[in-house]
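Before any questions on binding or motion, here is one chain by itself as structure tokens, the form predicted alone.
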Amino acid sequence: MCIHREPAFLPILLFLTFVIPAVAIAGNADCLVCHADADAVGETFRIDHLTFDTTAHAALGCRECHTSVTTDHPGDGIAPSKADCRGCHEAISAEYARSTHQANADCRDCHNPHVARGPAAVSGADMNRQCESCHGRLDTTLRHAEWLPQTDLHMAMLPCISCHTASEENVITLYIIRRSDTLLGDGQRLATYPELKELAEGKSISSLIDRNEDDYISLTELRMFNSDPENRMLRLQGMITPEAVTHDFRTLDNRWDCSFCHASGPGARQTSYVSLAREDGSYLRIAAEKGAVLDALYGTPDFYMVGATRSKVLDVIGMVIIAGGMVMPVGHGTLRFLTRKNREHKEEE
């Protein structure tokens, strides 16, 4: 007789997966009774519970990082301790220690642990805002303008870390932008969650573009979104974002080579996602069909990257223009060649 036994590690796995996070979140609620209220603790120590609850740190629990906090806090007069990030992020800390940034910025100078999320859940614009807290946008733009063509466009379409870290794998991330009536200067901005929610009219925000809500956006759905008259003030703006973020801040030699991004060939930069704003301030990323940026006229009309973007329609139009341009000189030359004897005969007379 065979007796089935559950694996010995299963109860432990269940404990780690469900029990500990549940206990941590319950403990967090006690802290947020005060810390969610700016009037109680001040704006500096206020924590937005909606945002914090969706971070990885929330699953650890407040006291995992603030170990000095007791049940008598704040009446005990003990200042809450802060966690040493290296305790959990040892590999990242070692990588960061080798970069030039480590002498000028601590982890908390760039990352607020109460809102920290992975790169897929953060917009490219938010990534750049972290850099701009130290590196002024105007000064950075002017320095890049000394050698980088169309500097403003590059700064708008690239998170700094796509070029200034050792991240090798970049993808195209499309964001829904809202256009102003002028469409000039800063007339474009990321559509906010309340705006998208209103447009969704009670449905999920993803249904605005993922019409069958299968968590996959086809080229057909991209075309439908861009051609829908209801979306005339909405467009898809693409950014080249790193798929895997590193903390090795340096500029690799291949970043000075334009072909790192502007690579030719149908396979270049064809991994795409659409990223949508969520209520908690994060972004929901949905995979798009391969070749989205090849459909430059209908799929991604507001994103064109020289060397990587292709369009079959534009290819045909280009061939027609080239062929049409060749008709006159070739036809004229051919006609003169065929009638050369008649011209020679007339000259002899």
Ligand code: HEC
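Quick caveat: nothing in here was measured; it's all calculated off a predicted structure. The first residue of the shown sequence is 1; numbering continues from there.
Not pictured, yet referred to below: the form predicted together with heme C.
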| field | Answer option from 117, 211, 197, 223, heavy atom within 4.5 Å of heme C in the model of the complex | value | 117
| Listed residue that, although heme C is not shown, lies within 4.5 Å of it in the model of the complex (heavy atoms), from 305, 31, 287, 284 | 31
| task | Tell me the stretch among 169-177, 67-75, 200-208, 223-231 that has any heavy atom within 4.5 angstroms of heme C in the model of the complex. | result | 67-75
| said: What I'd like checked is whether 41, 144 and 245 together line heme C in the model of the complex, meaning each has a non-hydrogen atom within 4.5 Å of it. | reply: yes
| said: Residue-level contact is defined here as any heavy atom of the residue lying within 4.5 Å of heme C in the model of the complex; does residue 259 satisfy this criterion? | reply: no
| query | Contact between residue 130 and heme C in the model of the complex at 4.5 Å, heavy atoms? | reply | yes
| said: Please tell me whether any heavy atom belonging to residue 89 falls inside 4.5 Å of a heavy atom of heme C, as the geometry stands in the model of the complex. | reply: yes
| Should residue 322 be counted as a contact of heme C in the model of the complex, where contact means heavy atoms within 4.5 Å? | no
| task | Counting only non-hydrogen atoms and a 4.5 Å cut-off, give the residues of 56-73 close to heme C in the model of the complex. | result | 56, 57, 60, 61, 62, 63, 64, 65, 66, 69, 73
